[in-house]
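The data below hold one chain only, encoded as structure tokens and taken in the form predicted on its own.
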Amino acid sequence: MSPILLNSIGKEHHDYIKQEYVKNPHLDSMEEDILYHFNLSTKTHNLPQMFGDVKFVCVGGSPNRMKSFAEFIHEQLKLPGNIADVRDICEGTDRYSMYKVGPVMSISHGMGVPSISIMLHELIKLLYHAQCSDLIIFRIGTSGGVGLPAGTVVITEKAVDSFFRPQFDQVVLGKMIVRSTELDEDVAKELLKYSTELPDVPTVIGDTMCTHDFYEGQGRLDGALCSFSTEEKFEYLKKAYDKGVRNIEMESTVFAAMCRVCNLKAAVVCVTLLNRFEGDQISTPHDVLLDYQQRPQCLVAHFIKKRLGLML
């Protein structure tokens, strides 16, 4: 196919994707879009060629964990080539790590709302420029359990803030923008169904509370600062549990909100590393933690294989 014909087809498809995913009319007037934190650009890289076949995007906090997931999904999909050849597409920057394995992207997002927000802006634009369609995005990671034993996988029904509201508040030009944090119900139910086919992956659906801090913001008593009593901590955690919260992490609200606004099907799948009713510090042996951390990866990989028709 000639470059001219490819561009002609691409423009029509590009307009469709923009309508579906990107919510910024200013992009049309830009001669070049530099995805700075990915070390990619619309002028220096052929993004449709590099990423146009992507159907599943998996994001998680740790660069090492997302590299491991890329290698794991390479094995699970039985793709040609050597695992050692899976490389970091963003190796020219130290902000995020990105891997592409067949139709699957694996990307790190760092810790907290600001870090994942920056990544998501550039990721969604990347998917737009690459002319991707029919996508599902997963956040896979770790969390603190609320009334659940360590090792339980939580599929998020709603991401809620520290007031247990299913919303994400974003200050824009001095004004508060409130966005819904509801996730795709069908994807969550499908994940829960497939979890029953996996051994040793206890899984539940529940609300996930997203905080802006690991210590005081999550009611921990072991930080450098603590402005509350032990009794107040347990009162808050009980209230969270009664409201349907089953785990706590630091990225789900903005992830859910941005995916929802951009019409992207999304799911949050996190494993609990401890039950917050039983303590604040993670003292589980390292090898056990590694097993826990692989559980969301196993579930999402199983989902992807089912969707690709690789399993009955």
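For clarity, every value in this text was computed on a predicted model and none was experimentally measured. Residues carry their position along the shown sequence, with the first being 1.
Note that the form predicted together with ligand URA isn't included here; everything after this is about it.
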Q: Verify the contact flag for residue 274: yes if a non-hydrogen atom of it lies within 4.5 Å of a non-hydrogen atom of ligand URA in the model of the complex, no if not.
A: yes
Q: Using the partner position in the model of the complex, report whether residue 50 sits within 4.5 Å of ligand URA, counting heavy atoms only.
A: no
Q | ligand URA contact at residue 66 in the model of the complex, heavy atom, 4.5 Å | A | no
Q. Even though ligand URA is not shown here, does residue 220 get within 4.5 Å of it in the model of the complex, heavy atoms only?
A. yes
Q: Identify which of 27, 261, 34, 282 has a heavy atom within 4.5 Å of ligand URA in the model of the complex; exactly one of them does.
A: 282
Q. With ligand URA left out of view, which of 236, 228, 214, 164 would have a heavy atom within 4.5 Å of it in the model of the complex?
A. 214
Q | Interface stretch in the model of the complex with ligand URA - options 245-253, 50-58, 261-269, 34-42, non-hydrogen atom within 4.5 Å | A | 245-253
Q.
Just to make sure I understand: among 113-146, which residues lie within 4.5 Å of ligand URA in the model of the complex, judging by heavy atoms?
A. 142, 143, 144
